[in-house]
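So this first bit is one chain, no partners, the form predicted on its own, shown in C-alpha coordinates.
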Amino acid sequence: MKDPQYGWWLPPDVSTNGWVVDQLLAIIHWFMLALFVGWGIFIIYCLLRFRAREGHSAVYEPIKAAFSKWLEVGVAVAEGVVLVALAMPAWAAIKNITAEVPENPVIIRAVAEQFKWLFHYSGKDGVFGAIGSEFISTDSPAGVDPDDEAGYDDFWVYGLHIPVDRPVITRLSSKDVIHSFKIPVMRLTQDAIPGLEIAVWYQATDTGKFQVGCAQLCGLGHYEMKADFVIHSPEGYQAWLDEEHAALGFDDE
(Lines give C-alpha, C1' and ligand atoms only; values in the text may rest on other atoms or scores of the structure.)
Protein backbone atom coordinates (compact mmCIF):
# COMPACT_ATOMS: atom_id res chain seq x y z
CA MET A 1 0.00 0.00 0.00
CA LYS A 2 1.32 3.40 -0.97
CA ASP A 3 2.35 5.93 1.68
CA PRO A 4 0.81 9.42 1.79
CA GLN A 5 2.16 11.75 -0.87
CA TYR A 6 1.74 15.39 0.14
CA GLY A 7 3.73 18.01 -1.72
CA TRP A 8 3.77 21.79 -2.10
CA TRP A 9 0.65 21.83 -4.27
CA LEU A 10 -2.80 20.31 -3.74
CA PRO A 11 -2.94 16.87 -2.09
CA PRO A 12 -3.34 13.95 -4.51
CA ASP A 13 -6.87 13.47 -5.81
CA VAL A 14 -8.17 9.92 -5.37
CA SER A 15 -11.88 10.77 -5.42
CA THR A 16 -14.48 10.40 -8.17
CA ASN A 17 -15.65 13.98 -7.51
CA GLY A 18 -12.25 15.48 -6.80
CA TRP A 19 -11.72 16.79 -10.33
CA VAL A 20 -14.88 18.92 -10.01
CA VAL A 21 -13.52 20.66 -6.92
CA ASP A 22 -10.05 21.10 -8.44
CA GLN A 23 -11.52 22.54 -11.64
CA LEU A 24 -13.60 25.02 -9.66
CA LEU A 25 -10.57 26.06 -7.58
CA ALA A 26 -8.48 26.58 -10.71
CA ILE A 27 -11.14 28.71 -12.41
CA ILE A 28 -11.68 30.88 -9.32
CA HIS A 29 -7.94 31.43 -8.85
CA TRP A 30 -7.38 32.36 -12.51
CA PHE A 31 -10.34 34.73 -12.28
CA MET A 32 -8.97 36.34 -9.12
CA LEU A 33 -5.51 36.62 -10.75
CA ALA A 34 -7.05 38.44 -13.71
CA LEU A 35 -8.85 40.84 -11.34
CA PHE A 36 -5.68 41.41 -9.32
CA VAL A 37 -3.58 42.19 -12.40
CA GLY A 38 -6.30 44.34 -13.96
CA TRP A 39 -6.93 46.46 -10.90
CA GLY A 40 -3.21 46.68 -10.21
CA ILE A 41 -2.58 48.13 -13.67
CA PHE A 42 -5.47 50.56 -13.19
CA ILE A 43 -4.11 51.76 -9.84
CA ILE A 44 -0.62 52.30 -11.27
CA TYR A 45 -2.12 54.21 -14.20
CA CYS A 46 -4.05 56.47 -11.81
CA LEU A 47 -0.98 57.08 -9.66
CA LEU A 48 1.02 58.16 -12.71
CA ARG A 49 -1.70 59.95 -14.64
CA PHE A 50 -3.11 61.94 -11.75
CA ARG A 51 -0.04 62.35 -9.57
CA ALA A 52 0.22 65.60 -7.68
CA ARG A 53 2.14 68.33 -9.47
CA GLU A 54 2.24 72.10 -9.54
CA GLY A 55 -0.95 73.63 -10.81
CA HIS A 56 -3.06 70.50 -10.31
CA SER A 57 -5.37 69.64 -7.45
CA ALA A 58 -7.57 66.64 -6.59
CA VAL A 59 -11.16 66.63 -7.83
CA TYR A 60 -13.54 65.00 -5.38
CA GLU A 61 -16.23 63.94 -7.83
CA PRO A 62 -17.44 60.42 -8.67
CA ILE A 63 -16.34 58.86 -11.94
CA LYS A 64 -19.04 59.10 -14.60
CA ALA A 65 -17.35 57.10 -17.37
CA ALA A 66 -19.53 54.44 -19.01
CA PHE A 67 -16.58 52.05 -19.39
CA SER A 68 -16.03 51.68 -15.64
CA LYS A 69 -19.71 50.92 -15.08
CA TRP A 70 -19.77 48.26 -17.78
CA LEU A 71 -16.56 46.81 -16.37
CA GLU A 72 -18.16 46.45 -12.94
CA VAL A 73 -21.24 44.87 -14.51
CA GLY A 74 -19.02 42.43 -16.42
CA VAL A 75 -17.21 41.36 -13.25
CA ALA A 76 -20.53 40.80 -11.46
CA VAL A 77 -21.85 38.72 -14.38
CA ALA A 78 -18.68 36.61 -14.44
CA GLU A 79 -19.00 35.95 -10.70
CA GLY A 80 -22.64 34.95 -11.21
CA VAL A 81 -21.67 32.51 -13.96
CA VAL A 82 -19.04 30.89 -11.74
CA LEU A 83 -21.57 30.55 -8.92
CA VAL A 84 -24.57 29.30 -10.93
CA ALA A 85 -22.88 27.31 -13.70
CA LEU A 86 -19.97 25.80 -11.76
CA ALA A 87 -20.16 26.06 -7.97
CA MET A 88 -23.81 25.12 -7.48
CA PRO A 89 -23.73 22.01 -9.76
CA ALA A 90 -20.51 20.88 -8.05
CA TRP A 91 -22.11 21.29 -4.62
CA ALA A 92 -25.21 19.36 -5.72
CA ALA A 93 -23.18 16.48 -7.18
CA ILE A 94 -21.13 16.07 -4.02
CA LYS A 95 -23.83 16.70 -1.41
CA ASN A 96 -26.97 15.21 -2.97
CA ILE A 97 -26.87 11.66 -1.65
CA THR A 98 -30.21 10.33 -2.85
CA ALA A 99 -29.75 11.40 -6.46
CA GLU A 100 -26.09 10.65 -7.06
CA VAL A 101 -24.83 7.76 -4.91
CA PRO A 102 -24.76 4.37 -6.68
CA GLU A 103 -26.20 1.30 -5.09
CA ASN A 104 -24.55 -0.87 -2.45
CA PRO A 105 -22.62 1.76 -0.49
CA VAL A 106 -20.49 1.10 2.57
CA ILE A 107 -22.09 2.91 5.51
CA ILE A 108 -19.92 4.10 8.40
CA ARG A 109 -20.65 6.29 11.41
CA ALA A 110 -18.03 8.90 12.28
CA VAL A 111 -18.26 10.24 15.83
CA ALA A 112 -16.19 13.32 16.69
CA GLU A 113 -15.03 14.29 20.15
CA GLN A 114 -12.23 16.32 21.65
CA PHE A 115 -9.76 15.28 20.31
CA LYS A 116 -10.19 12.20 18.16
CA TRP A 117 -12.33 10.54 15.50
CA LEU A 118 -14.21 7.32 16.24
CA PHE A 119 -15.47 5.19 13.34
CA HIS A 120 -18.38 2.84 14.00
CA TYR A 121 -18.92 -0.14 11.65
CA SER A 122 -21.89 -2.47 11.54
CA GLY A 123 -21.26 -6.17 11.96
CA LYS A 124 -21.64 -9.03 9.53
CA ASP A 125 -25.41 -8.55 9.55
CA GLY A 126 -24.93 -5.11 7.97
CA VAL A 127 -27.23 -3.51 10.54
CA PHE A 128 -26.17 -0.92 13.12
CA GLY A 129 -27.34 -1.33 16.66
CA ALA A 130 -29.50 1.41 18.15
CA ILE A 131 -27.48 4.31 19.50
CA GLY A 132 -28.06 7.02 22.08
CA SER A 133 -26.04 9.45 24.13
CA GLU A 134 -27.22 7.71 27.29
CA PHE A 135 -25.35 4.56 26.20
CA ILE A 136 -21.97 6.25 25.76
CA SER A 137 -19.40 4.82 28.14
CA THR A 138 -15.78 3.74 28.29
CA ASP A 139 -16.78 0.31 26.99
CA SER A 140 -19.10 1.74 24.34
CA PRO A 141 -17.73 5.06 23.06
CA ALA A 142 -20.03 4.82 20.03
CA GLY A 143 -23.09 4.80 22.29
CA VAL A 144 -24.56 1.47 21.13
CA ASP A 145 -27.55 0.15 23.07
CA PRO A 146 -26.28 -3.00 24.86
CA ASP A 147 -29.78 -4.51 24.75
CA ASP A 148 -30.13 -4.25 20.96
CA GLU A 149 -29.23 -7.58 19.36
CA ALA A 150 -28.49 -5.88 16.02
CA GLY A 151 -25.49 -4.21 17.61
CA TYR A 152 -23.86 -7.23 19.20
CA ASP A 153 -21.31 -7.52 16.36
CA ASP A 154 -20.78 -3.80 15.76
CA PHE A 155 -17.25 -2.55 16.28
CA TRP A 156 -15.47 0.79 16.38
CA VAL A 157 -11.93 1.85 15.58
CA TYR A 158 -9.93 5.09 15.56
CA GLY A 159 -9.01 4.94 11.88
CA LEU A 160 -11.19 5.12 8.76
CA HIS A 161 -10.97 2.11 6.42
CA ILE A 162 -12.84 1.90 3.12
CA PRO A 163 -12.68 -0.16 -0.09
CA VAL A 164 -11.64 1.34 -3.41
CA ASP A 165 -14.17 1.80 -6.25
CA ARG A 166 -17.19 1.54 -3.97
CA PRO A 167 -19.34 4.44 -2.71
CA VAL A 168 -19.07 5.24 0.98
CA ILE A 169 -21.65 7.07 3.08
CA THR A 170 -20.31 8.48 6.33
CA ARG A 171 -22.85 9.63 8.92
CA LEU A 172 -21.28 12.37 11.01
CA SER A 173 -22.10 13.33 14.58
CA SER A 174 -20.31 14.98 17.49
CA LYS A 175 -20.29 14.32 21.23
CA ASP A 176 -19.25 17.79 22.36
CA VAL A 177 -18.46 20.79 20.12
CA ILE A 178 -18.57 21.54 16.39
CA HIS A 179 -15.86 19.67 14.52
CA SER A 180 -15.21 19.51 10.79
CA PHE A 181 -14.63 16.19 9.03
CA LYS A 182 -11.96 16.78 6.38
CA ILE A 183 -10.30 14.32 4.00
CA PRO A 184 -8.07 16.35 1.65
CA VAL A 185 -7.54 13.54 -0.88
CA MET A 186 -11.33 13.13 -1.15
CA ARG A 187 -11.80 16.93 -1.48
CA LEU A 188 -14.32 16.53 1.33
CA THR A 189 -15.13 18.88 4.22
CA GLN A 190 -18.26 18.74 6.36
CA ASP A 191 -19.05 20.05 9.85
CA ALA A 192 -20.03 17.56 12.55
CA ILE A 193 -22.57 19.25 14.81
CA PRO A 194 -23.75 18.08 18.26
CA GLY A 195 -27.34 16.84 18.15
CA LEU A 196 -27.36 16.28 14.38
CA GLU A 197 -26.39 13.41 12.12
CA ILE A 198 -25.17 14.63 8.72
CA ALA A 199 -24.43 12.20 5.90
CA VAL A 200 -21.72 12.72 3.28
CA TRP A 201 -20.67 10.44 0.45
CA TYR A 202 -17.49 9.84 -1.51
CA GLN A 203 -15.81 7.16 -3.59
CA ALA A 204 -12.10 6.41 -3.87
CA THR A 205 -10.39 5.67 -7.17
CA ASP A 206 -7.07 4.39 -5.84
CA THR A 207 -5.66 2.62 -2.81
CA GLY A 208 -3.33 4.23 -0.29
CA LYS A 209 -2.89 5.48 3.25
CA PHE A 210 -3.79 9.11 3.91
CA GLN A 211 -5.26 11.17 6.75
CA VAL A 212 -8.52 12.47 8.19
CA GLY A 213 -8.29 15.85 9.88
CA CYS A 214 -10.47 18.42 11.62
CA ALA A 215 -10.95 21.73 9.78
CA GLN A 216 -12.61 23.47 12.72
CA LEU A 217 -10.66 24.95 15.63
CA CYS A 218 -12.18 22.76 18.33
CA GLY A 219 -10.03 23.43 21.39
CA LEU A 220 -6.49 23.33 22.72
CA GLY A 221 -5.94 19.78 21.47
CA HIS A 222 -7.16 20.53 17.94
CA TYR A 223 -3.73 19.68 16.50
CA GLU A 224 -4.17 16.08 17.72
CA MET A 225 -7.50 15.52 16.01
CA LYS A 226 -6.48 13.32 13.13
CA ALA A 227 -6.86 9.70 12.09
CA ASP A 228 -5.51 7.32 9.48
CA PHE A 229 -7.53 7.06 6.28
CA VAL A 230 -6.83 3.74 4.57
CA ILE A 231 -8.20 2.83 1.15
CA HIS A 232 -8.03 -0.93 0.61
CA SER A 233 -8.49 -3.12 -2.40
CA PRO A 234 -11.84 -4.99 -2.19
CA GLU A 235 -10.01 -8.11 -1.01
CA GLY A 236 -7.89 -6.15 1.43
CA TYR A 237 -10.95 -4.45 2.90
CA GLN A 238 -12.72 -7.77 3.44
CA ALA A 239 -9.57 -9.18 5.05
CA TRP A 240 -9.43 -6.16 7.38
CA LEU A 241 -13.10 -6.65 8.35
CA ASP A 242 -12.45 -10.34 9.03
CA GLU A 243 -9.48 -9.45 11.25
CA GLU A 244 -11.54 -6.98 13.26
CA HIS A 245 -14.32 -9.51 13.78
CA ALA A 246 -11.86 -12.22 14.73
CA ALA A 247 -10.25 -9.89 17.27
CA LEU A 248 -13.68 -9.41 18.86
CA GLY A 249 -14.26 -13.16 19.03
CA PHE A 250 -16.96 -13.37 16.34
CA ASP A 251 -16.92 -16.47 14.19
CA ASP A 252 -17.21 -16.50 10.41
CA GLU A 253 -20.76 -17.74 10.31
Partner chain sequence: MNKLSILVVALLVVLLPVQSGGQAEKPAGTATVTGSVKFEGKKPRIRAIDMSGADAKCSEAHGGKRLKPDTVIINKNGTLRNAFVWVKSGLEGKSFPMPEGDAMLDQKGCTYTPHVQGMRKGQSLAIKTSDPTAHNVHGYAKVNRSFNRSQPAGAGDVSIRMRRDESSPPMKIKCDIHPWMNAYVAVVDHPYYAVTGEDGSFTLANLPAGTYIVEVWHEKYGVMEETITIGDGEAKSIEFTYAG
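Quick caveat, the model's predicted, so the values are computed rather than measured. Positions refer to the first chain, counted from 1.
The same protein also has a form predicted in complex with the partner chain, omitted here; what follows describes it.
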Please tell me whether any heavy atom belonging to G151 falls inside 4.5 Å of a heavy atom of the partner chain, as the geometry stands in the predicted complex. yes
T138: heavy atom within 4.5 Å of the partner chain in the predicted complex? yes
Should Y223 be counted as a contact of the partner chain in the predicted complex, where contact means heavy atoms within 4.5 Å? yes
Quick one: is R166 in contact with the partner chain in the predicted complex, heavy atoms, 4.5 Å cut-off? no
Does the partner chain, in the predicted complex, lie within 4.5 angstroms of each residue among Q114, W156 and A227, using heavy atoms as the measure? yes
